[in-house]
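Next up: a single chain in structure tokens, the form predicted on its own.
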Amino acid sequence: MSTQHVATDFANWLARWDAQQQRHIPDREERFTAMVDALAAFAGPEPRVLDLGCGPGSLSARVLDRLPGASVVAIDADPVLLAIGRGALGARTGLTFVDADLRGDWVASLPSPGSYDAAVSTTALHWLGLEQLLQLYHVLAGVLRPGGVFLDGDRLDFDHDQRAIAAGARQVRPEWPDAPEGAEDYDAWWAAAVAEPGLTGEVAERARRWQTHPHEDEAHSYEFHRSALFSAGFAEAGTVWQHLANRVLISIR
């Protein structure tokens, strides 16, 4: 009796990832559009871009859809998400995935040391502790060219003197809204990914790595990010898009 190997449908896994993220972040696509619009305006039609904490490459793909002349280095340390990204998007011209930890010497893993025109990140840097984020911004300042742009789309909390505003904003919309009933949510997606035969090796490696990669879940305020960027040597930092605490922060090197 022969056993037929069934190839993993990485494109479907990426589509499912995007769907569950959209359900938890209803204005995710609007935020993506704001980021890519700003990238085009500030970095031109053919930028060299770093995607920090790229996951399976959702933002990288949207950058290349809008700016086909761009080159994107997509960096992450999650072997499961990297496998999905490489399987679904690895053939795209201009896109390179890199397995590297943003808390360590990730610059040594880049295909070219730079300088780069831009860096982007979305729903990723909140995984870093505050000291790790400070270090990342200092390293990033050395990789971007003068005048280069950094765009971060994430939940950037209201500051310590805006507690009533923050509480009211959470009443308008929770920071991570539940997925609609019957829809695949984050936990269900990961349970399915762990059970996927084509990802067995990556799931095991993820479990090994995540013993030292906890989700810090520390509150990162907008003003903390601005202060950290200025400390790292960035010249300007501000908001180009916002819905409650969901923001796109832009900073100019």
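In this text, residue numbers run from 1 along the sequence as written. Bear in mind the structure is a predicted one, so any value in this text is a computation, not a measurement.
Form predicted in complex with a small molecule: not shown, discussed below.
Contact with the small molecule in the predicted bound form, defined as a heavy atom within 4.5 Å, is made by all three of S58, A100 and L128. Of the heavy atoms in C54, some are within 4.5 Å of the small molecule in the predicted bound form.
The closest non-hydrogen atom of H225 lies beyond 4.5 Å of the small molecule in the predicted bound form.
Using a 4.5 Å cutoff between non-hydrogen atoms, L144 does not count as a contact of the small molecule in the predicted bound form. Taking the partner from elsewhere, L89 is found to have every heavy atom lying beyond 4.5 Å of the small molecule in the predicted bound form.
Interface residue among L151, L156, L81, V73 relative to the small molecule in the predicted bound form, by the heavy atom within 4.5 Å criterion: L81.
With the partner omitted here, the stretch from 89 to 97, 115 to 123, 159 to 167, 177 to 185 that lies within 4.5 Å of the small molecule by heavy atoms in the predicted bound form is 115 to 123.
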